[in-house]
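Here you get one chain, nothing else, as structure tokens; it is the form predicted on its own.
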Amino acid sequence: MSPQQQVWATFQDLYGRPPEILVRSPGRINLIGEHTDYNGGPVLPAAIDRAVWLAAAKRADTQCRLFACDYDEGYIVESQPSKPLVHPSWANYLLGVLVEIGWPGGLDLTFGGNLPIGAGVASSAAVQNAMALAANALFQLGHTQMDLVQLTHRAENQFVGVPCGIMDMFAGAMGRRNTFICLNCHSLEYEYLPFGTTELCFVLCHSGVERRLASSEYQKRRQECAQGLAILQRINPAMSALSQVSEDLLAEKEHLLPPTLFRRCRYVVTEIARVGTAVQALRSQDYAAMGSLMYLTHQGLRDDFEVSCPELNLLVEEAMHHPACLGARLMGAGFGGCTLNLVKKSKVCDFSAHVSQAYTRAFKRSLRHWTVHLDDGAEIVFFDV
């Protein structure tokens, strides 16, 4: 049974009626531009062909009955909550959107999918995008797609309490098949850039490491970036984000920054420059250059931003040694999750076998991996108006 079928069938079994709406909401990969979104910089994400499916129907009261198929777990809330739940934590992503959207009414809901959880492919944003799209349609709220992107971003920041940037929500909502999005996270201006080859694809290799440090260290990196910016603002108070700091200015003012803060800022500033180079590589279809940029990003995340781990480093090193791989890097907040690999489509099996064998030898456990393709953003698949 497909995830779509499971979500639909579970809804009927639990609630004794068919859903009124079914939404598909994809995860995302991010080619270049990691940890730049909350620094006001550009990113290059894309929606992928792995997704969350959400089925829902309105109720006559304010009660919400939620069920997560992937966890085989349900939760019932009688009215709008005032704070996040301790358990189950997955419910907060749904409830936060409903709170932010104004708690329009009661719902019966099921959701599930084939997105790997904890892999850094924005599964939580996919759930939030699905909830926002479904509630907007069911209650005829009239929000635009951009309204919903900003709404889900606020929900994660303010209700869930994760100080993330807007990239994950934007990519999952606004994606187009076989296309990357160059998004300016300060202005929200964006441009679609075709991934113009059928000879290459992307492979996700999951380290199997739970990202236990990702939340606390993510917040710490945000704070370090803010501290570095505050020091640089003494020179130019008009700068409002690290995205406005040039590589030359940073090098000139290195003596003003503690070594750790300098490395954090150096990573962000050079990563922003890499996004610009990557855009040109996409436009000229220079995928070898693109792969080289991915390796440079991993090096920066490993050495300057210090968010990698031995498992991720080995996966990238082994990818570099395989002739079918043009580029690889850790993806997401770091401290676990997956690597993103740009691989010749005809050699995916050879590549996957190579990194799997090396990973098993080194860490005595098997490696999970998936091939993903760039897909459309969140959409309503069925709506019984």
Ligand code: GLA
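Numbering starts at 1 and runs along the sequence shown. Just so it is clear, the model here is predicted, and its values are computed rather than measured.
Heads up, the form predicted together with this ligand isn't pictured, but that's what we're talking about next.
Asks: Looking at 41, 45, 327, 332, which has any heavy atom no more than 4.5 Å from this ligand in the predicted complex?
Replies: Only one listed residue qualifies here, and that residue is 332.
Asks: Counting any non-hydrogen atom inside 4.5 Å, which residue from 202, 218, 287, 195 sits next to this ligand in the predicted complex?
Replies: Among 202, 218, 287, 195, a heavy atom within 4.5 Å of this ligand in the predicted complex occurs only for 218.
Asks: Please state whether every one of the three residues 28, 34 and 37 places a non-hydrogen atom within 4.5 angstroms of this ligand in the predicted complex.
Replies: Every residue of the spot touches this ligand in the predicted complex.
Asks: Within 4.5 Å, heavy atoms only: does residue 232 come near this ligand in the predicted complex?
Replies: So residue 232 does not count as contacting this ligand.
Asks: May I ask you to state whether residue 135 is within 4.5 Å of this ligand in the predicted complex, using heavy atom distances?
Replies: Contact check for residue 135: no, nothing within 4.5 Å of this ligand in the predicted complex.
Asks: Flag residue 165 as yes or no: does it have a non-hydrogen atom within 4.5 angstroms of any non-hydrogen atom of this ligand in the predicted complex?
Replies: Yes, residue 165 is a contact residue.
Asks: Which one, 167 to 175, 232 to 240, 76 to 84, 109 to 117, holds residues whose non-hydrogen atoms are within 4.5 Å of this ligand in the predicted complex?
Replies: Only one stretch passes the 4.5 Å heavy-atom test: 167 to 175.
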